[in-house]
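To begin, one chain is listed below as structure tokens, in the form predicted alone.
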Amino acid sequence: MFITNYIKEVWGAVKSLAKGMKLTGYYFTHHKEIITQEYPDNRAELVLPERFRGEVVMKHDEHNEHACTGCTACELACPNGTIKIITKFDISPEGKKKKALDTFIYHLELCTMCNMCIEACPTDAIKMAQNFEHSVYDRRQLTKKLNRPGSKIREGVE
């Protein structure tokens, strides 16, 4: 009984190995499309899929303006506290207090690249960038301030 079960398991393993080797041999001899990229040798021509999620960045235009209103929707949507929004109150020309973004802190070391913050943002102020090389020796370098110094909210964004 034990010997027959052992022989059946060995035979199943050999059959599975042969099936995998057959498929590998087919792809080796029939070059249709190369799906393996020679990274890091191909950095200049590296093409990442459009859906690739690298890290969260805040979009700024040529006038150093962004669309973040400081609503904290991205902070609330984040499942593990990667984003911290610090707001301030600006006084509009009409004399009204208006909530505005002071600092947008992003903890890359905590981010799971789930994209929930991007989906939650009502003004499309943030997006997922295509950069992926984040190796550093000091973990503090992975905490980033996304709004640039001197940036302000774009006119017409509410």
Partner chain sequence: MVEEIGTNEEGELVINMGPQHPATHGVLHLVVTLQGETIKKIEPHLGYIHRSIEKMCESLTYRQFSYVTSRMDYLSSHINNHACAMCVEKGLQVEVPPRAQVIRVMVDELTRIASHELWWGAMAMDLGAFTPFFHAFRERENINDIMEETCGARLTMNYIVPGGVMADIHPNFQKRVKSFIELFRSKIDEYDELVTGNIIFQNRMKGVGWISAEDVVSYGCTGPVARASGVHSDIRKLFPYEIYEKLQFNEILETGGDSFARYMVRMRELRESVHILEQLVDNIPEGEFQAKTKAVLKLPKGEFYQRVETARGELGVYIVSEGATTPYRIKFRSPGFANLSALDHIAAGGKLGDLVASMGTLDLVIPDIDR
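Positions refer to the first chain, counted from 1. Keep in mind it's a predicted model, so treat the numbers as computed, not measured.
This protein has a second form, the form predicted in complex with the partner chain, left out of what is shown; the following refers to that one.
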The partner chain in the predicted complex: contacted by all of 91, 108 and 139, heavy atom 4.5 Å: no
Residue (of 57, 67, 116, 100) lying close to the partner chain in the predicted complex, criterion heavy atoms within 4.5 Å: 116
The partner chain contact at residue 77 in the predicted complex, heavy atom, 4.5 Å: yes
is_contact(residue 19, the partner chain) in the predicted complex, heavy atom dist at most 4.5 Å: yes
Contact label in the predicted complex: residue 50 to the partner chain, heavy atom within 4.5 Å: yes
Interface membership of residue 24, the partner chain in the predicted complex, 4.5 Å heavy atom rule: yes
Residues within stretch 121-148 having a non-hydrogen atom within 4.5 Å of the partner chain in the predicted complex: none
